[in-house]
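Presented as structure tokens, the chain that follows is alone, the form predicted on its own.
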């Protein structure tokens, strides 16, 4: 994912928006599937929301780890002479996308629960 050209703000926002939509879509599918499999709406809502929160929390941890140790890892890779293209900036971008998926999952869970509870 490393490139010489930095993505524009519009590209970054578009990327995060797609990740949010992906998380929301996954949650919108998962909640009704769990309800159709025999679970209660409350159970489905709690479990899918928890998964979204877990993904969001992991991304926050990963993002902070990238900021904390990223430069050191880049220098270590340069010292070893490896061919890895890993960079702090790429790692932060990946964690932002992952966090958007988790956030979208949490929002999608709320909306899906509202719809499913209204139907049942």
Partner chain sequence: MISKRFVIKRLLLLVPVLFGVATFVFAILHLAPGDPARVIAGQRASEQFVQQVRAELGLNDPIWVQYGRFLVDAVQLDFGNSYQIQKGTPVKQILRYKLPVTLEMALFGQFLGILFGIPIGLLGAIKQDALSDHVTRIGALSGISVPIYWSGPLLILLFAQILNWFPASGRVASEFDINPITGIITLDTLVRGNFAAFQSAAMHLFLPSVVIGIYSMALISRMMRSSMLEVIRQDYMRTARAKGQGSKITVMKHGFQNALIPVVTVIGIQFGTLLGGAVLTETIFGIAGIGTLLVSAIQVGDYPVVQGTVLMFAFLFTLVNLLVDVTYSYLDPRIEQ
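Bear in mind the structure is a predicted one, so any value in this text is a computation, not a measurement. Positions refer to the first chain, counted from 1.
One more form of this protein exists, namely the form predicted in complex with the partner chain; it is left out here, but the text below deals with it.
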**OP:** Please check if residue 46 has a heavy atom lying within 4.5 Å of any heavy atom of the partner chain in the model of the complex.
**Re:** yes
**OP:** Give a yes or no for residue 97: in the model of the complex, does one of its heavy atoms lie within 4.5 Å of a heavy atom belonging to the partner chain?
**Re:** no
Original post:
Might residue 53 be said to contact the partner chain in the model of the complex, defining contact as any heavy atom within 4.5 Å?
Top reply: yes
Original post:
According to a 4.5 angstroms non-hydrogen atom cut-off, is residue 58 in contact with the partner chain in the model of the complex?
Top reply: yes
Original post:
Would the partner chain in the model of the complex be within 4.5 angstroms of a non-hydrogen atom of every residue among 64, 68 and 106?
Top reply: yes
